[in-house]
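This document opens with one chain alone, in structure tokens, the form predicted alone.
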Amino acid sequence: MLQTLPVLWHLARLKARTNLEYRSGLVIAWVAQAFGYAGVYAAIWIITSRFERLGGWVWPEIALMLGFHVFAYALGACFTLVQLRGMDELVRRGGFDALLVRPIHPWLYLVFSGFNIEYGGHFALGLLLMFWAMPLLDVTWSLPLVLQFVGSIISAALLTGALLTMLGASAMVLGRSRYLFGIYFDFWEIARYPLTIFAPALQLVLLTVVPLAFMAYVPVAVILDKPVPLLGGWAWLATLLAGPVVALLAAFYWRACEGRYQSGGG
């Protein structure tokens, strides 16, 4: 594995340098993406301003959650989204067969050779929202709380990468998986709102089957010392474990799908 690390670093750097060949286009894409998200967040701000609270959350609390959500998502997606979303094309055209005979694990080759630096707008918007909201909230930052916050972001990024990996791996068995990404983003969008505005059944789904509540709601609720449905006092531990546990499941799922893969020709 240690011998592979320099190769993975070289692949990621090569991809980044390729994207940097068109710097103007890259910056325009960052700005456009940031404005796209800002438009959605503005709509949430208008609703919150009209009713003062949304699910018991005031606007600075929601802003912190939105910033956390987009930042953690970008951190996981820059390694996985574009690469894994193209898995069905790789399978159908036989390109995945070529990856299987390379000396590097196909998942590692995919994620590092496709490392995507086009999430600059996501990171900037996420940081802006979080740094704007934090001074407005009654949070006493201590070292354990800072470590909890950082660990939660890493866990949420792992969760993003793991779920996208499982969706992409499904192409090895189903032949097509792109439609699964559409379903994922339907849940991803509702995960931007406080969990408490949804019915208990949907809350349960977002905490278990599609655990996207751990993308932002649960981690930020822990930081703000707010009650979390179903998890109660265990929310702080659950938010730290969610990402690593789902990542482990994703590794098993990838291996199981790879074991059943029969190449693009069937």
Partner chain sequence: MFSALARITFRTQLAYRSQLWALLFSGFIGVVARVSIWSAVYGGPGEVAGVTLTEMITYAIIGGTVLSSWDATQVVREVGTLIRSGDIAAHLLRPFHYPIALLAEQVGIRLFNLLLVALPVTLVSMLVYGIVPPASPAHALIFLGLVAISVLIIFATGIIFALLSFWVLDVLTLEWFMRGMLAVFSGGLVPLWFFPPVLAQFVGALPFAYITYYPMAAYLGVESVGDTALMLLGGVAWVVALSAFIAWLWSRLTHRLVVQGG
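Residue numbers count along the first chain shown, from 1. Treat the numbers as computed from the prediction; the structure is a model and nothing was measured.
Note that the form predicted in complex with its partner chain isn't included here; everything after this is about it.
Pick the stretch from 134-142, 161-169, 104-112, 192-200 whose residues have a heavy atom within 4.5 Å of its partner chain in the model of the complex.
Comparing against its partner chain in the model of the complex, the contact stretch is 192-200.
Any chance Arg176 has a heavy atom within 4.5 Å of its partner chain in the model of the complex?
Answer yes; at least one heavy atom of Arg176 falls within 4.5 Å of its partner chain in the model of the complex.
Report whether the minimum heavy atom distance between Phe149 and its partner chain in the model of the complex is within 4.5 Å.
Close contact is absent here: in the model of the complex, Phe149 is far from its partner chain, nothing within 4.5 Å, heavy atoms only.
Answer with yes or no whether Pro227 is in contact with its partner chain in the model of the complex, where contact means some heavy atom within 4.5 Å.
So Pro227 does not count as contacting its partner chain.
So in the model of the complex, is its partner chain close enough to Trp45 to count as touching (4.5 Å, heavy atoms)?
Yes, Trp45 is a contact residue.
Since the partner is left out here, which residues of 68-107 would have a heavy atom within 4.5 Å of its partner chain in the model of the complex?
Contacts from 68-107: none.
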